[in-house]
Each structure stands twice: as structure tokens, then as C-alpha cells.
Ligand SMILES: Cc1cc2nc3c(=O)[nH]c(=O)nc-3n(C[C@H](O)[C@H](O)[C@H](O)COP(=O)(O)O)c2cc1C
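So this first bit is one chain, no partners, the form predicted on its own, shown in C-alpha cells.
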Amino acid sequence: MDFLELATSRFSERRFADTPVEDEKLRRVLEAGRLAPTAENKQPQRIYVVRGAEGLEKMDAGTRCRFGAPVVLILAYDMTEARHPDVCDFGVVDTSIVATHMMLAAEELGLHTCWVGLIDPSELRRRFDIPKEQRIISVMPLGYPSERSRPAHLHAKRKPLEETVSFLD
């Protein structure tokens, strides 16, 4: 599959199967994130893998959007390591790039994901003992799609390129 096919086929999954994710596939997804570029190569991202029954129960207290996934990644970054110029918080940018790499790698492996921002960071921090210098920005359910899986009705609706891109010569 070429990149545009991969990007087109990927959608936010909200119906996961109970099927466990193989360790090798999980490691490949995590490796794709590790290889993502970050500002000044600081690599401030911190990815927490939640996949046991006890951990998933804790996760359910921190978000209502696990969607039955057998694995959830908590996406955070260390605020003491991220580049913080006046322009923007590069920890958020870096972690978002890492997440995108992982989402696309998962798709290539037949796994589905969903970026979830509807979380309670304080609850996740407390339940998983995540250090206070790490900012939690989202969670990512990961797993195989259920038989009822389908993209949201607006998934394929895109503005024309001309509405979102301007050439400045």
C-alpha cells in the first residue's frame, strides 16, 4: 500500500474486537513512534502502555472512550525536556508527531487506533502514578477492529485542497 492509500484508509476506530494485540505488532507501533522527529531531537515523549485487565479498568476511570480496545497508550511528554520557545509548546507538537507515526504504523499492520482527547489527566496521573512533570495530552486505544467497524459518516468528507492550501510566491 502506498502512503496516500494508507492515509486514506485509516480512520478513528470506535469499535474494537476482543482480540489481543501481538507483542511484535505492538513493538513495531512503538518503534514507529520512537523514530518520529522531535524539536531539537529532545524526544520528550513518554508513552505508557496499558493492556492488563487491572490497567484497563483504571483507564476506564480516566476516559469513557476506550471503546473496548485491549491496549491503550497514554501519550504524554516530559515538560522539563521539551523545547518551549514563545511560539508554541513543542512537547505537544512532538508527541502529536509521535502519535501520528504510531497511528499510521498500526494501520499498516491491520490494527486500528483513535486519538482520544476526552480524558481526565488528573485521574490518569493518579491511577497510573505518572510524574507531575509529565503532561498527559491524550490516550490512544489500539487493537483490531470489530466486525461492526466502520468509519464515521463524515470521515471521507474533505475540503478541496484549494480551500486549505495557498501558494505564496
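For every residue, the number given is its place in the sequence shown, counted from 1. What you see is a predicted model, and the numbers here were worked out from it, not measured in a lab.
Below: the form predicted together with the ligand, not depicted.
Undergrad: Which pick from 48, 128, 67, 144 sits with a heavy atom within 4.5 Å of the ligand in the predicted bound form?
TA: Of the candidates 48, 128, 67, 144, 67 is the one lying within 4.5 Å of the ligand in the predicted bound form.
Undergrad: Is there any non-hydrogen atom of residue 53 lying within 4.5 Å of the ligand in the predicted bound form?
TA: Judged by the heavy-atom cut-off of 4.5 Å, residue 53 is well away from the ligand in the predicted bound form.
Undergrad: Answer for residue 15 alone: is it within 4.5 Å of the ligand in the predicted bound form, judged on heavy atom distances?
TA: Contact check for residue 15: no, nothing within 4.5 Å of the ligand in the predicted bound form.
Undergrad: At 4.5 Å between heavy atoms, is residue 154 in contact with the ligand in the predicted bound form?
TA: So residue 154 counts as contacting the ligand.
Undergrad: According to a 4.5 angstroms non-hydrogen atom cut-off, is residue 10 in contact with the ligand in the predicted bound form?
TA: The answer is yes: residue 10 has a heavy atom within 4.5 Å of the ligand.
Undergrad: Looking at heavy atoms inside 4.5 Å, which stretch does the ligand contact in the predicted bound form, given the options 54-62, 128-136, 107-115, 29-37?
TA: Flagged stretch: 107-115.
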